[in-house]
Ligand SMILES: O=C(O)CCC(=O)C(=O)O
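Before any questions on how it binds or moves, here is one chain, the form predicted alone, in C-alpha coordinates.
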(Lines give C-alpha, C1' and ligand atoms only; values in the text may rest on other atoms or scores of the structure.)
Protein backbone atom coordinates (compact mmCIF):
# COMPACT_ATOMS: atom_id res chain seq x y z
CA UNK A 1 0.00 0.00 0.00
CA UNK A 2 1.31 3.46 -0.78
CA UNK A 3 1.76 6.17 1.79
CA UNK A 4 -0.45 9.20 1.69
CA UNK A 5 1.17 12.36 0.39
CA UNK A 6 3.09 14.34 2.98
CA UNK A 7 5.16 17.45 3.39
CA UNK A 8 8.89 16.93 3.82
CA UNK A 9 10.44 19.53 6.10
CA UNK A 10 14.07 20.06 7.14
CA UNK A 11 15.10 17.76 9.99
CA UNK A 12 16.56 19.31 13.11
CA UNK A 13 17.39 16.97 16.03
CA UNK A 14 18.64 18.33 19.32
CA UNK A 15 20.70 16.55 21.95
CA UNK A 16 19.36 17.69 25.32
CA UNK A 17 18.94 16.74 28.94
CA UNK A 18 15.25 17.45 28.65
CA UNK A 19 11.90 16.39 27.40
CA UNK A 20 11.03 14.38 24.33
CA UNK A 21 8.45 15.56 21.84
CA UNK A 22 5.91 13.70 19.77
CA UNK A 23 4.49 15.10 16.59
CA UNK A 24 0.89 14.54 15.60
CA UNK A 25 1.28 14.35 11.83
CA UNK A 26 -0.30 11.11 10.54
CA UNK A 27 0.87 9.03 7.61
CA UNK A 28 -0.13 5.85 5.88
CA UNK A 29 -3.28 4.37 4.53
CA UNK A 30 -6.52 4.83 6.50
CA UNK A 31 -6.57 1.01 7.02
CA UNK A 32 -3.49 0.50 8.03
CA UNK A 33 0.46 -32.98 29.80
CA UNK A 34 -2.29 -34.24 31.91
CA UNK A 35 -2.18 -33.74 35.73
CA UNK A 36 0.82 -31.49 35.34
CA UNK A 37 1.15 -28.03 36.88
CA UNK A 38 0.35 -25.57 34.07
CA UNK A 39 1.41 -21.90 34.23
CA UNK A 40 -1.17 -19.13 33.86
CA UNK A 41 -1.37 -16.96 30.77
CA UNK A 42 -1.80 -19.49 27.94
CA UNK A 43 -5.22 -18.07 27.03
CA UNK A 44 -4.21 -14.67 25.77
CA UNK A 45 -6.75 -11.86 26.12
CA UNK A 46 -6.67 -8.12 25.83
CA UNK A 47 -6.08 -6.38 29.16
CA UNK A 48 -6.52 -2.93 30.66
CA UNK A 49 -4.01 -0.50 32.12
CA UNK A 50 -4.14 0.88 35.64
CA UNK A 51 -4.48 4.65 35.54
CA UNK A 52 -1.64 7.01 36.41
CA UNK A 53 -1.86 9.04 39.59
CA UNK A 54 0.13 12.09 38.58
CA UNK A 55 -0.98 14.63 35.97
CA UNK A 56 0.68 13.98 32.61
CA UNK A 57 2.44 16.95 30.96
CA UNK A 58 1.14 17.99 27.58
CA UNK A 59 3.32 17.10 24.61
CA UNK A 60 4.45 19.86 22.31
CA UNK A 61 3.21 19.44 18.76
CA UNK A 62 5.11 20.35 15.66
CA UNK A 63 5.89 19.17 12.14
CA UNK A 64 7.84 15.91 12.03
CA UNK A 65 10.55 17.06 9.64
CA UNK A 66 10.01 14.19 7.20
CA UNK A 67 10.77 11.46 9.73
CA UNK A 68 7.65 9.55 8.68
CA UNK A 69 9.08 8.69 5.27
CA UNK A 70 10.50 5.41 6.62
CA UNK A 71 7.17 4.22 8.07
CA UNK A 72 6.12 0.76 6.80
CA UNK A 73 3.35 0.94 4.19
CA UNK A 74 -0.21 0.24 5.25
CA UNK A 75 0.11 1.76 8.75
CA UNK A 76 -1.57 4.84 10.15
CA UNK A 77 0.28 6.45 13.05
CA UNK A 78 1.56 9.67 14.51
CA UNK A 79 5.30 10.21 14.12
CA UNK A 80 7.46 10.40 17.24
CA UNK A 81 10.27 12.94 17.12
CA UNK A 82 12.34 12.42 20.24
CA UNK A 83 14.94 14.62 21.88
CA UNK A 84 18.05 12.66 22.85
CA UNK A 85 19.40 12.31 26.38
CA UNK A 86 23.10 11.97 27.19
CA UNK A 87 23.99 9.62 30.07
CA UNK A 88 27.05 10.47 32.23
CA UNK A 89 30.02 8.13 32.57
CA UNK A 90 29.23 7.75 36.26
CA UNK A 91 26.19 8.52 38.42
CA UNK A 92 27.17 10.29 41.65
CA UNK A 93 23.85 11.69 42.85
CA UNK A 94 24.83 15.24 41.95
CA UNK A 95 22.30 17.98 41.26
CA UNK A 96 22.78 17.34 37.54
CA UNK A 97 22.15 13.62 38.00
CA UNK A 98 18.95 14.34 39.94
CA UNK A 99 17.73 16.74 37.24
CA UNK A 100 18.54 14.22 34.52
CA UNK A 101 16.77 11.44 36.43
CA UNK A 102 13.66 13.59 36.82
CA UNK A 103 13.72 14.45 33.09
CA UNK A 104 13.97 10.77 32.16
CA UNK A 105 11.07 9.83 34.43
CA UNK A 106 8.94 12.67 33.08
CA UNK A 107 9.63 11.65 29.48
CA UNK A 108 8.76 8.01 30.19
CA UNK A 109 5.52 9.07 31.90
CA UNK A 110 4.53 11.28 29.01
CA UNK A 111 5.78 9.36 25.97
CA UNK A 112 6.53 5.80 27.07
CA UNK A 113 9.96 5.93 25.41
CA UNK A 114 13.25 7.82 25.66
CA UNK A 115 16.22 8.07 23.33
CA UNK A 116 19.87 7.90 24.45
CA UNK A 117 22.90 9.10 22.53
CA UNK A 118 25.39 6.29 21.85
CA UNK A 119 29.00 6.77 22.87
CA UNK A 120 31.70 6.19 20.26
CA UNK A 121 32.34 2.79 21.86
CA UNK A 122 28.67 1.86 21.65
CA UNK A 123 28.49 2.89 18.00
CA UNK A 124 31.30 0.45 17.21
CA UNK A 125 29.78 -2.30 19.36
CA UNK A 126 26.44 -1.89 17.59
CA UNK A 127 28.15 -1.96 14.20
CA UNK A 128 29.99 -5.18 15.11
CA UNK A 129 26.85 -6.83 16.51
CA UNK A 130 24.84 -5.76 13.47
CA UNK A 131 27.41 -7.28 11.11
CA UNK A 132 27.51 -10.52 13.12
CA UNK A 133 23.70 -10.70 13.08
CA UNK A 134 23.51 -10.29 9.31
CA UNK A 135 26.10 -13.03 8.86
CA UNK A 136 24.14 -15.39 11.11
CA UNK A 137 20.77 -14.87 9.46
CA UNK A 138 22.31 -15.51 6.03
CA UNK A 139 23.17 -19.06 7.10
CA UNK A 140 21.09 -21.95 5.82
CA UNK A 141 17.96 -22.90 7.73
CA UNK A 142 19.63 -26.11 8.88
CA UNK A 143 22.63 -24.26 10.31
CA UNK A 144 20.41 -21.80 12.16
CA UNK A 145 17.94 -24.42 13.40
CA UNK A 146 20.84 -26.37 14.95
CA UNK A 147 21.39 -23.46 17.38
CA UNK A 148 18.73 -24.47 19.90
CA UNK A 149 18.99 -25.54 23.54
CA UNK A 150 16.30 -27.67 25.14
CA UNK A 151 16.81 -26.25 28.65
CA UNK A 152 17.12 -22.51 28.05
CA UNK A 153 15.13 -20.38 25.60
CA UNK A 154 18.39 -19.21 24.05
CA UNK A 155 19.20 -19.68 20.40
CA UNK A 156 17.42 -19.54 17.08
CA UNK A 157 13.70 -18.83 16.70
CA UNK A 158 12.35 -19.34 13.21
CA UNK A 159 9.89 -17.02 11.48
CA UNK A 160 6.40 -18.04 12.57
CA UNK A 161 7.57 -19.81 15.76
CA UNK A 162 6.93 -16.89 18.12
CA UNK A 163 3.26 -16.30 18.94
CA UNK A 164 1.74 -13.00 20.09
CA UNK A 165 -1.91 -13.00 21.08
CA UNK A 166 -2.38 -16.36 19.38
CA UNK A 167 -0.99 -15.19 16.01
CA UNK A 168 2.38 -16.19 14.54
CA UNK A 169 4.95 -13.42 14.17
CA UNK A 170 7.18 -13.06 11.12
CA UNK A 171 10.24 -12.06 13.14
CA UNK A 172 13.31 -14.31 12.93
CA UNK A 173 15.27 -14.15 16.21
CA UNK A 174 18.43 -15.21 17.97
CA UNK A 175 17.99 -15.00 21.74
CA UNK A 176 20.94 -14.70 24.12
CA UNK A 177 20.09 -15.62 27.72
CA UNK A 178 22.49 -16.13 30.63
CA UNK A 179 25.04 -18.57 29.21
CA UNK A 180 25.39 -21.32 31.83
CA UNK A 181 27.55 -24.40 31.41
CA UNK A 182 25.96 -27.82 31.86
CA UNK A 183 27.99 -28.30 35.06
CA UNK A 184 26.62 -25.11 36.63
CA UNK A 185 24.59 -25.97 39.81
CA UNK A 186 21.36 -24.33 38.63
CA UNK A 187 21.51 -26.18 35.33
CA UNK A 188 22.26 -29.48 37.07
CA UNK A 189 19.28 -28.85 39.37
CA UNK A 190 17.08 -28.40 36.26
CA UNK A 191 15.92 -24.91 37.12
CA UNK A 192 13.46 -23.67 34.44
CA UNK A 193 15.04 -21.65 31.60
CA UNK A 194 18.62 -22.25 32.81
CA UNK A 195 21.16 -23.65 30.37
CA UNK A 196 23.80 -22.81 27.78
CA UNK A 197 23.48 -20.40 24.88
CA UNK A 198 23.92 -22.38 21.64
CA UNK A 199 26.22 -19.97 19.81
CA UNK A 200 26.77 -20.78 16.13
CA UNK A 201 30.41 -19.64 16.22
CA UNK A 202 32.89 -17.39 17.99
CA UNK A 203 32.40 -14.73 15.28
CA UNK A 204 28.90 -14.13 16.63
CA UNK A 205 29.55 -14.76 20.30
CA UNK A 206 32.37 -12.28 20.86
CA UNK A 207 30.70 -9.09 19.54
CA UNK A 208 27.41 -9.98 21.23
CA UNK A 209 29.06 -10.56 24.61
CA UNK A 210 30.99 -7.28 24.38
CA UNK A 211 27.87 -5.30 23.45
CA UNK A 212 25.78 -6.94 26.19
CA UNK A 213 28.40 -6.18 28.83
CA UNK A 214 28.45 -2.52 27.81
CA UNK A 215 24.65 -2.28 27.86
CA UNK A 216 24.60 -3.98 31.25
CA UNK A 217 26.69 -1.12 32.67
CA UNK A 218 24.43 1.40 30.88
CA UNK A 219 21.38 -0.31 32.38
CA UNK A 220 22.72 0.02 35.92
CA UNK A 221 23.36 3.74 35.40
CA UNK A 222 19.82 4.14 34.06
CA UNK A 223 18.43 2.41 37.16
CA UNK A 224 20.44 4.73 39.42
CA UNK A 225 19.16 7.78 37.54
CA UNK A 226 15.61 6.42 37.71
CA UNK A 227 15.93 6.07 41.50
CA UNK A 228 17.00 9.73 41.66
CA UNK A 229 14.15 10.77 39.36
CA UNK A 230 11.58 8.89 41.42
CA UNK A 231 12.96 10.21 44.70
CA UNK A 232 13.45 6.78 46.26
CA UNK A 233 16.40 5.51 48.29
CA UNK A 234 19.57 4.49 46.43
CA UNK A 235 19.49 0.77 45.75
CA UNK A 236 15.69 0.56 45.66
CA UNK A 237 15.88 -0.73 42.08
CA UNK A 238 19.47 -1.93 41.76
CA UNK A 239 19.04 -4.31 44.71
CA UNK A 240 17.08 -6.56 42.37
CA UNK A 241 19.67 -6.73 39.56
CA UNK A 242 22.45 -8.59 41.37
CA UNK A 243 23.08 -11.50 39.01
CA UNK A 244 20.40 -9.96 36.79
CA UNK A 245 18.63 -12.18 34.25
CA UNK A 246 19.78 -9.85 31.46
CA UNK A 247 19.30 -11.16 27.94
CA UNK A 248 19.17 -10.06 24.32
CA UNK A 249 17.02 -10.67 21.28
CA UNK A 250 18.60 -10.08 17.88
CA UNK A 251 15.77 -9.68 15.39
CA UNK A 252 15.50 -9.94 11.63
CA UNK A 253 12.27 -8.92 9.89
CA UNK A 254 11.70 -9.99 6.28
CA UNK A 255 10.42 -7.50 3.72
CA UNK A 256 6.63 -7.66 3.60
CA UNK A 257 6.62 -9.22 0.14
CA UNK A 258 8.84 -12.17 1.23
CA UNK A 259 6.98 -13.73 4.16
CA UNK A 260 6.13 -17.40 4.66
CA UNK A 261 2.36 -16.96 4.94
CA UNK A 262 2.21 -18.09 8.58
CA UNK A 263 1.32 -14.74 10.14
CA UNK A 264 -0.71 -11.59 9.62
CA UNK A 265 0.01 -9.50 6.55
CA UNK A 266 2.37 -6.63 7.30
CA UNK A 267 2.88 -7.60 10.95
CA UNK A 268 6.36 -8.39 12.24
CA UNK A 269 5.47 -8.63 15.95
CA UNK A 270 2.03 -8.00 17.41
CA UNK A 271 1.19 -5.52 20.16
CA UNK A 272 2.66 -6.50 23.54
CA UNK A 273 4.53 -5.26 26.58
CA UNK A 274 7.92 -6.55 27.69
CA UNK A 275 8.23 -8.42 30.95
CA UNK A 276 11.16 -6.92 32.86
CA UNK A 277 12.52 -3.52 33.91
CA UNK A 278 13.37 -1.92 30.57
CA UNK A 279 14.71 -2.63 27.09
CA UNK A 280 17.63 -0.79 25.47
CA UNK A 281 17.31 -1.19 21.71
CA UNK A 282 19.05 -0.22 18.48
CA UNK A 283 17.59 -0.43 14.99
CA UNK A 284 18.98 -0.11 11.50
CA UNK A 285 17.82 2.53 9.01
CA UNK A 286 14.76 0.66 7.68
CA UNK A 287 12.16 1.39 10.37
CA UNK A 288 9.22 -0.56 11.78
CA UNK A 289 8.77 0.19 15.51
CA UNK A 290 5.47 1.57 16.87
CA UNK A 291 4.63 2.44 20.49
CA UNK A 292 1.63 3.63 22.48
CA UNK A 293 1.92 6.54 24.89
CA UNK A 294 0.75 6.13 28.49
CA UNK A 295 -2.97 6.90 28.73
CA UNK A 296 -5.19 7.15 31.79
CA UNK A 297 -8.03 5.33 30.04
CA UNK A 298 -5.90 2.24 29.26
CA UNK A 299 -5.52 -0.13 32.18
CA UNK A 300 -3.52 -3.36 32.13
CA UNK A 301 -1.25 -5.46 34.31
CA UNK A 302 0.52 -8.01 32.12
CA UNK A 303 1.70 -10.03 35.11
CA UNK A 304 -1.96 -10.75 35.97
CA UNK A 305 -3.60 -10.94 32.55
CA UNK A 306 -1.96 -10.89 29.13
CA UNK A 307 -1.71 -7.50 27.44
CA UNK A 308 -0.79 -9.10 24.11
CA UNK A 309 -2.84 -7.69 21.24
CA UNK A 310 -3.84 -4.59 23.20
CA UNK A 311 -5.44 -2.11 20.75
CA UNK A 312 -3.23 -3.41 17.96
CA UNK A 313 -5.45 -1.95 15.24
CA UNK A 314 -6.26 1.35 16.96
CA UNK A 315 -5.30 4.66 15.34
CA UNK A 316 -3.39 6.32 18.19
CA UNK A 317 -0.01 4.59 17.75
CA UNK A 318 3.28 6.46 17.36
CA UNK A 319 5.87 5.45 14.83
CA UNK A 320 9.47 5.60 16.13
CA UNK A 321 11.65 6.41 13.11
CA UNK A 322 15.26 5.18 13.04
CA UNK A 323 17.84 7.78 14.05
CA UNK A 324 21.53 7.10 13.60
CA UNK A 325 23.64 6.79 16.76
CA UNK A 326 20.94 6.37 19.41
CA UNK A 327 19.45 3.71 21.66
CA UNK A 328 15.75 3.76 22.49
CA UNK A 329 14.56 2.67 25.94
CA UNK A 330 11.06 1.47 26.82
CA UNK A 331 9.77 0.23 30.17
CA UNK A 332 8.57 -3.25 31.06
CA UNK A 333 6.07 -4.94 33.36
CA UNK A 334 8.30 -5.10 36.44
CA UNK A 335 9.03 -1.36 36.39
CA UNK A 336 5.28 -0.77 36.21
CA UNK A 337 4.71 -3.10 39.16
CA UNK A 338 7.56 -1.69 41.27
CA UNK A 339 6.35 1.91 40.83
CA UNK A 340 2.66 1.06 41.38
CA UNK A 341 1.85 2.24 37.85
CA UNK A 342 3.60 5.60 38.24
CA UNK A 343 5.74 4.37 35.35
CA UNK A 344 3.98 1.99 32.98
CA UNK A 345 5.13 -0.69 30.56
CA UNK A 346 5.08 0.54 26.97
CA UNK A 347 2.87 -1.36 24.48
CA UNK A 348 4.74 -1.71 21.19
CA UNK A 349 4.60 -3.61 17.92
CA UNK A 350 6.64 -3.97 14.72
CA UNK A 351 5.45 -3.60 11.15
CA UNK A 352 7.12 -5.16 8.12
CA UNK A 353 8.69 -2.67 5.73
CA UNK A 354 9.60 -2.83 2.05
CA UNK A 355 13.15 -3.92 2.94
CA UNK A 356 14.70 -6.44 5.33
CA UNK A 357 15.11 -4.93 8.81
CA UNK A 358 17.41 -5.70 11.78
CA UNK A 359 17.07 -4.66 15.42
CA UNK A 360 18.90 -5.43 18.66
CA UNK A 361 16.98 -5.47 21.96
CA UNK A 362 18.83 -5.79 25.28
CA UNK A 363 16.63 -6.59 28.31
CA UNK A 364 17.91 -5.27 31.68
CA UNK A 365 16.24 -7.55 34.21
CA UNK A 366 15.99 -8.51 37.87
CA UNK A 367 17.60 -11.68 39.14
CA UNK A 368 15.66 -14.80 38.15
CA UNK A 369 15.38 -15.48 41.91
CA UNK A 370 14.17 -11.99 42.87
CA UNK A 371 10.79 -11.47 44.52
CA UNK A 372 9.85 -7.87 43.77
CA UNK A 373 7.83 -5.65 46.09
CA UNK A 374 6.42 -2.20 45.15
CA UNK A 375 8.57 0.78 46.10
CA UNK A 376 7.61 2.88 49.08
CA UNK A 377 7.23 6.65 48.78
CA UNK A 378 8.85 8.60 45.98
CA UNK A 379 7.55 11.40 43.78
CA UNK A 380 6.22 13.30 46.77
CA UNK A 381 4.28 10.28 47.98
CA UNK A 382 2.37 9.94 44.72
CA UNK A 383 3.44 6.34 43.98
CA UNK A 384 0.70 4.96 46.20
CA UNK A 385 -1.65 3.16 43.81
CA UNK A 386 -2.39 0.03 45.83
CA UNK A 387 -3.97 -1.72 42.83
CA UNK A 388 -0.48 -2.53 41.54
CA UNK A 389 0.67 -4.74 44.40
CA UNK A 390 0.09 -8.24 45.64
CA UNK A 391 0.75 -9.35 49.22
CA UNK A 392 3.42 -11.87 48.26
CA UNK A 393 5.15 -9.77 45.58
CA UNK A 394 6.09 -10.99 42.10
CA UNK A 395 8.69 -13.69 41.52
CA UNK A 396 10.51 -12.58 38.40
CA UNK A 397 11.59 -16.10 37.41
CA UNK A 398 7.96 -17.24 37.32
CA UNK A 399 6.90 -14.19 35.31
CA UNK A 400 9.74 -14.72 32.80
CA UNK A 401 8.93 -18.43 32.46
CA UNK A 402 5.23 -17.73 31.93
CA UNK A 403 5.96 -15.19 29.20
CA UNK A 404 8.27 -17.50 27.27
CA UNK A 405 6.01 -20.54 27.58
CA UNK A 406 3.13 -18.43 26.29
CA UNK A 407 5.15 -17.08 23.36
CA UNK A 408 6.70 -20.44 22.43
CA UNK A 409 4.10 -23.13 23.21
CA UNK A 410 5.56 -25.59 20.67
CA UNK A 411 9.27 -25.04 21.33
CA UNK A 412 11.37 -27.98 22.52
CA UNK A 413 12.24 -26.01 25.67
CA UNK A 414 8.58 -25.62 26.65
CA UNK A 415 7.86 -29.28 25.97
CA UNK A 416 10.82 -30.45 28.08
CA UNK A 417 10.01 -28.01 30.87
CA UNK A 418 6.50 -29.47 31.14
CA UNK A 419 7.46 -33.10 30.56
CA UNK A 420 10.01 -32.97 33.40
CA UNK A 421 7.69 -30.87 35.60
CA UNK A 422 10.36 -28.18 35.97
CA UNK A 423 7.68 -25.54 36.36
CA UNK A 424 6.85 -26.78 39.86
CA UNK A 425 10.42 -25.99 40.96
CA UNK A 426 9.62 -22.28 40.74
CA UNK A 427 7.87 -22.50 44.11
CA UNK A 428 10.99 -23.80 45.89
CA UNK A 429 12.54 -21.38 48.43
CA UNK A 430 16.00 -21.45 46.78
CA UNK A 431 14.51 -20.22 43.51
CA UNK A 432 12.95 -17.30 45.40
CA UNK A 433 16.00 -16.28 47.42
CA UNK A 434 18.54 -14.11 45.64
CA UNK A 435 22.11 -15.49 45.46
CA UNK A 436 20.97 -18.89 46.74
CA UNK A 437 22.78 -21.88 45.23
CA UNK A 438 20.81 -25.13 44.79
CA UNK A 439 21.70 -28.12 46.91
CA UNK A 440 22.47 -31.14 44.74
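Since the model is a prediction, treat every value here as computed from it, not as a measurement. Positions refer to the first chain, counted from 1.
One more form of this protein, predicted in complex with the ligand, exists but is not displayed; see below.
* To do: Select, from the options 334-342, 264-272, 214-222, 110-118, the stretch whose residues sit within 4.5 angstroms of the ligand in the predicted bound form by heavy atom distance.
  => Looking at the partner contacts, the answer comes out as 264-272.
* Which pick from 78, 293, 357, 327 sits with a heavy atom within 4.5 Å of the ligand in the predicted bound form? -> Selected residue: 357.
* Let me know the one among 348, 194, 256, 364 whose heavy atoms come within 4.5 Å of the ligand in the predicted bound form, would you? => Checked against the cut-off, the match is 348.
* Asked: Looking at the partner-bound form in the predicted bound form, is residue 154 within 4.5 Å of the ligand by any heavy atom?
  -> Residue 154: no, not in contact with the ligand in the predicted bound form.
* 4.5 angstroms heavy atom contact with the ligand in the predicted bound form for residue 205 -> Residue 205: no, not in contact with the ligand in the predicted bound form.
* Using a 4.5 Å heavy atom cut-off, state whether residue 308 contacts the ligand in the predicted bound form. => Output for residue 308 is no: heavy atoms all beyond 4.5 Å of the ligand.
* 4.5 Å heavy atom contact, residue 249 to the ligand in the predicted bound form -> Looking in the predicted bound form, residue contacts with the ligand include residue 249, since a heavy atom lies within 4.5 Å.
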